[in-house]
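Below, in structure tokens: the form predicted on its own, a single chain.
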């Protein structure tokens, strides 16, 4: 990750810059999450210095921003491979990267050192816009739109100039929707229901429609690069995913309407279609593996060749296929039915679903793309897992699953005691917060958070070193083979 020497295209070198910043922000997200987890167990920790509300805000916003960085990097990396063309306005793309990075740095510094303002227009413009997940101040909000427009123009114009694969056709359409939806979160109304309605159009339709389709395109590209999967198979499932996800994503939005006064028929519609969203991605992965194993993989394995040319990336993509189904599908469906959601809404159960869904559906595939970038940057033909790669996969996955279980237990305690037994009032909230189930679960969440952070250290260490190590090994093997041939 420290070099881009073997990359032919400038857009792929730009992608590596996006990956590097994404890795830093990923670490910041986990660090802020650890601080917030400590404050759950020890509420006086950093009190009035770095309060829970600030740690949580930076934790959540760093999550969104590192994923956006990694997504933009992934698109710039695959763009020349798919289209056969360099990005048409690569100079503008580089300028946008530095402008965006400078803006993100300023916003993070304001969040950490300024934290709050007087609660008027100046606060909205310069400190915090006040909407969960979309808390960047207004000036940064507008700047993000400009940067995304430059990015989209680069992708669209390059696509129109070059080869038009099914993967890139879906990607171009999806990015248009992803960028357009952001505009829904840029205006305010005095009516809280109307405001939440438009806020959900950004948050829900990003993560449960456009991001899901985006993940599908990356999985399709990754399976072709890593396994040599047949393009017609991955693109067939990609189109099915587009049909299902745009349909299920929009209709699935209904399960959020439960709390803002829309008609009741939306509740069941939203719950059902929300649960269907991850199905096509799992189907694509299983179909590709079956087809590949039956033909190509069997042939390569019997000939003694190593059939997978990037095992760290393959490992993360495999976790993505099933993590997406488990986190977004199963854990999401657990509490989207209105008869259940009336008790689980806003409890730690929601946090359990959020942690597993974001990790399973998005973080995993983006980490896989980073490994593909490292492979290309160092010109490695076949990249294999190191000890650090394995430790990163095991510790991060185990840590996130552990946090999910702990938060689920805490959520059940809230459902049973705070909501069902005590009626969901203010006193019920504080009683539930101090019961042993909640305290023990938060302790386990903290312990699993530390495991996850240690896994991240291994991940960052691996991404920064695996390229040099693997390329050196490849050179030694080629040298030994040449020497043997000469003898």
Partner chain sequence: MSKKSASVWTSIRFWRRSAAWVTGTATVLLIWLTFDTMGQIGMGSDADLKNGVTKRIPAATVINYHIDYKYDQKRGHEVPVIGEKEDFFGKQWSAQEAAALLHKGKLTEQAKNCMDCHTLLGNGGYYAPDLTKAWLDTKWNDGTMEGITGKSTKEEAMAEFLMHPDKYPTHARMMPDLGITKDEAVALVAFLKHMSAIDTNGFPRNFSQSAKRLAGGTHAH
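Residue numbers count along the first chain shown, from 1. The structure displayed is predicted, hence computed values, not measured ones.
The protein also exists as the form predicted in complex with the partner chain; that form is not presented, and the subsequent description refers to it.
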property	result
Partner-proximal stretch of 151 to 159, 387 to 395, 80 to 88, 132 to 140 relative to the partner chain in the predicted complex, 4.5 angstroms, heavy atom	132 to 140
Close approach of residue 448 to the partner chain in the predicted complex, 4.5 Å, heavy atom	no
Residue 348, heavy atom within 4.5 angstroms of the partner chain in the predicted complex	yes
The partner chain contact in the predicted complex: residue 119, any heavy atom under 4.5 Å	yes
Contact of residue 101 with the partner chain in the predicted complex (heavy atom, 4.5 Å)	no
Proximity to the partner chain in the predicted complex, single hit among 307, 380, 326, 233 (heavy atom within 4.5 Å)	233
In the predicted complex: members of 16 to 55 within 4.5 Å of the partner chain, any heavy atom	39, 40, 43, 47, 48, 51, 52, 53
